[in-house]
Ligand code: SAJ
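Take a look at this one chain, the form predicted alone, written out in structure tokens.
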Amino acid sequence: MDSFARVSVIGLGYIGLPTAAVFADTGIEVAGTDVNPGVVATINAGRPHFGEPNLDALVRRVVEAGKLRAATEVAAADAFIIAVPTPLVGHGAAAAPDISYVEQAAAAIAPVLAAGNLVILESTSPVGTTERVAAILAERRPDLSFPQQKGEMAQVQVAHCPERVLPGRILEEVVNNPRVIGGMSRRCAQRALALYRMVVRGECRVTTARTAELAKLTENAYRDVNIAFANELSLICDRLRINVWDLIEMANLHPRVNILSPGPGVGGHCIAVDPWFIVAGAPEEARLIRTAREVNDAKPGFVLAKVRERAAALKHPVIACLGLAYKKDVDDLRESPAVEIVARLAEAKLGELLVVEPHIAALPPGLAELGPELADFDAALERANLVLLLVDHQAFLQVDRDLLKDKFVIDTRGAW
């Protein structure tokens, strides 16, 4: 049976909610599940609980049409999509992936599972996690058969289909990006392909679950390594008194060179995290990937040292920190190096801190407790004698240069 009348999405965050809404917009009944009752209530009122272009209108439409309903308990369905967090525990080379939320999701699905169902793990996961999901389901439902037991003849199909979206463009990319469909068997992959073909216009490439797991990690590790090259160049250029952005522009004139832009570090829920999953799974082999992570993790410390040096020359430092998000023009603060830098500046008590982040209404609790003030852009520029550009939001780019001429300026993005 390859028809899907009802889909259940477990985890209604940055990936789960857009995915649920896109499926619901096709006319399929979608049952969303989240452990946070506040999230459930907000969605059932027709509103997303985070900012993302066009998501508010889509959620309102599918909720009002009765096609999307959220709850705190998993409901029976034809297909289940797990989209829960897989955070890191620990820091640096000692960090290990935490798949407990995935395991809890699998356990929650088990009681309502039926023969003919499809279970898909979308969460970015270490290699072998899809097999762990299947093992949990088999332990809890010995009355059903699974691909590790019966292969192509299993009653329940299990697959890994990693998400591949960029905050700020999620709805477009959920539909148009190519997808990797990794099945625990050929039949698992084909059933998952049939489900995603209902909403995905991009190419869908079928492979094994383990290959799909490593493919997602590899994509983000590739980006991380290339960013680390740019960030390391910025350190070299600082030592040699060369403008790194001029250097990169010159080097990129070569037809086969495309160096990325350096920044204050690497953030977001993927690139700053996923490479450590590879390192944890193959610590002896992942030498370059580990080094890239260390280079990028060290960049906030370099920025902090620059601010400390400039602040020491001021009698009463007033520091305007521009941007907290991990990338431009979004409200996503996850793993943001800007948040780390501002927190470390506050802890060091280098001066009065004015934080400008046009995409949020209040500082996150952990940062607010350290004492920085969330300020308006124009007011912060007027009051500050040291300006630190951490995020190249569009709102910061058209600054009056006359306002900066008597101030120390540290531009971590090469925007000015």
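Everything numeric here is computed off the predicted structure, so don't read it as measured data. Quick note: we count residues from 1 along the sequence shown, nothing fancier. Throughout, rigid core stands for the largest set of C-alpha atoms superposing within 1.5 Å between the two forms.
The same protein also exists as the form predicted together with the named molecule; that form is not shown, yet it is the one meant from here on.
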Name the single residue among 108, 307, 271, 138 that comes within 4.5 Å of the named molecule in the predicted bound form, judging by heavy atoms. 271
Candidate from 132, 223, 187, 344 lying within 4.5 Å of the named molecule in the predicted bound form - any heavy atom: 223
Going by heavy atoms within 4.5 Å, which of 92 to 100, 314 to 322, 259 to 267, 189 to 197 lines up against the named molecule in the predicted bound form? 259 to 267
Do residue 216 and the named molecule come within 4.5 Å of each other in the predicted bound form, heavy atoms counted? yes
I'd like to know if residue 163 sits close to the named molecule in the predicted bound form, meaning any non-hydrogen atom pair within 4.5 angstroms. yes
Even though the named molecule is not shown here, does residue 327 get within 4.5 Å of it in the predicted bound form, heavy atoms only? yes
Does any part of residue 227 reach within 4.5 Å of the named molecule in the predicted bound form? Heavy atoms only, please. yes
Answer yes if the Cα of residue 330 shifts by 2 angstroms or more between the shown form and the other one on a rigid-core superposition, and no otherwise. yes
Once the core is aligned, does residue 392 move its Cα by at least 2 Å between the shown form and the other one? yes
For residue 108, is the CA shift between the shown form and the other one at least 2 Å following rigid-core superposition? no
